[in-house]
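The form predicted alone is given below as one chain in structure tokens.
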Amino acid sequence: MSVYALVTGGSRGIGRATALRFAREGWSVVIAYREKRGQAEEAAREARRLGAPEAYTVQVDVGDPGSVSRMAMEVSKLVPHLNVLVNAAGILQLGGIEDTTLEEWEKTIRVNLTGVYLVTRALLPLLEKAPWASVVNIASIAGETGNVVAGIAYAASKAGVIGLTKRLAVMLAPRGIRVNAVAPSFVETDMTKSFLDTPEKRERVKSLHPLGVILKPEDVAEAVLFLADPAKSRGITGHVLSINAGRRT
């Protein structure tokens, strides 16, 4: 039976790398995007080239309940079931409590945390149709420690993702659905490129990690595959896997 995986935020960064990693396993993929249709379609073409039997794109604003409902209906027409859901869509917010507006706070929580809730809830019927299923949420080291550059709303949203992951793992285990999360440290993506635009900045980021490396989206994708695939991790649920290059704060 074919394996079907849906990745939100799949047009770029960690989401794209994850979708392509699944494609190399011979899994069919659904790449969910918000605005970058061209990038999503290019990622789908690359997924097919790498071995995905089927590769689709769907548009969704994960923080909008109506958009999520429409996306779920569209996906149900494309695939018979979902084995894997990866909640990778997210936005970066910077700033402390004094300079974070209520609008910034609510938008960050809506996309990064409420989006995980909405998408998982909407796609649960398709996950339940699969012979096996797992959900992997993209959290962050910012949700585990307060000593990071990311802003207060971002850190709170990712801490919420960790809490949601653990609770969903307990609730969905009787249905045979595993729920885990990965918590990366700094990853080099379009979203973080302003932190790496000089040699001095790159060295600063490297110095934060005992391994002396800057993580790539592909590093996170490998961890997502591990948690998603029951052949690799069938006994693991409710776990947060830190991809931190040794960073602890």
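Throughout, we count residues from 1 along the sequence that is shown. Quick caveat, the model's predicted, so the values are computed rather than measured.
The following text describes the form predicted together with a small molecule, which does not appear among the structures shown.
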message: So the small molecule isn't shown here. In the predicted complex, which residue out of A89, V136, L123, A150 has a non-hydrogen atom within 4.5 Å of it?
response: A89
query: Thinking of the small molecule in the predicted complex, which stretch from 8 to 16, 234 to 242, 221 to 229, 21 to 29 has heavy atoms inside 4.5 Å of it?
result: 8 to 16
- prompt: Even though the small molecule is not shown here, does V60 get within 4.5 Å of it in the predicted complex, heavy atoms only?
  reply: yes
- request: Consider M191 of the chain shown here, and say whether it contacts the small molecule in the predicted complex, taking contact as heavy atoms within 4.5 Å.
  value: yes
field: Interface membership of A156, the small molecule in the predicted complex, 4.5 Å heavy atom rule
entry: no
message: Since only the chain is shown here, I'm wondering whether E54 would be in contact with the small molecule in the predicted complex (any heavy atom pair within 4.5 Å).
response: no
